[in-house]
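As structure tokens, one chain now follows by itself in the form predicted alone.
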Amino acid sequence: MKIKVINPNTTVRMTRKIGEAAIAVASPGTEIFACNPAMGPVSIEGHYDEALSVIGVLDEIRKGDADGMDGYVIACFGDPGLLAAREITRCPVIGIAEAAMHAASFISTGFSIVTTLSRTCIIAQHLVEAYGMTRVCRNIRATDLPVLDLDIEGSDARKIITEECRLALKEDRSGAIVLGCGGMADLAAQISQDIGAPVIDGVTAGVKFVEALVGLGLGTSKAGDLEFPIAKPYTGMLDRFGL
């Protein structure tokens, strides 16, 4: 099985970290191909960044289908371009916010999301509502850490995130924590041990969900709104995306 894990930002160090986390949980026989687009923002911290990242994500999906991938994980907590990605492939495509929230709902009656900047909380809230998780999401908590701070050696990022997770357990009465950034993929196990509660990273959860769907012989439905896009020319900078 070949799974492509797409970091929608263009920061190679983060892609490497995401790929290592994915490889660590992959089953024997599963190959992980971690990548990031050649174009786009270096980090995704708002609606504008997210919108501009989608073209790069879709380009990686198209290339992945040509390379024979069996499934995809979109490794940004905004799940940018998720439905569009599903529209252009028969393979299963999982977003890490979607994966983490569903995993948390399986093992707790309520979870808190611990994310980066406050301005991204509304994006997470929209996804909570879209995924039907309003009943089980107790809170969305920001650490006000810029995404790229997660890659700075010697920073206090892990300590700050861990303390926010502790507060979530106490103040929100949550049973599990969802980490709200792909750049936190390497932190889940240690934080879980430190706070004594499940901590879910969507990258690793996404890989396991793709493996399960492929193992069940299930791919993206091509009936209804996720059938392949209508063939038409695209113009200007998007001319090569025409079908």
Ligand code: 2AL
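Position 1 is the first residue in the sequence shown; the rest follow in order. The structure displayed is predicted, hence computed values, not measured ones.
Keep in mind that the form predicted together with the ligand is not shown, yet the notes after this line are about it.
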One residue of Ser43, Ser174, Thr204, Asn36 in contact with the ligand, assessed in the predicted bound form (non-hydrogen atom, 4.5 angstroms)
Ser43
Listed range touching the ligand, judged in the predicted bound form by heavy atoms within 4.5 Å, from 85-93, 99-107, 154-162, 116-124:
116-124
Quick one: Val5, Gly71 and Thr220 and the ligand in the predicted bound form, is every residue within 4.5 Å by at least one heavy atom?
no
Would Val147 count as touching the ligand in the predicted bound form under a 4.5 Å heavy atom rule?
yes
Partner proximity in the predicted bound form: Gly64 to the ligand, non-hydrogen atom cutoff 4.5 Å:
no
Contact label in the predicted bound form: Gly180 to the ligand, heavy atom within 4.5 Å
yes
Within 53-78, which residues have a heavy atom closer than or equal to 4.5 Å from the ligand in the predicted bound form?
Ala75, Cys76, Phe77
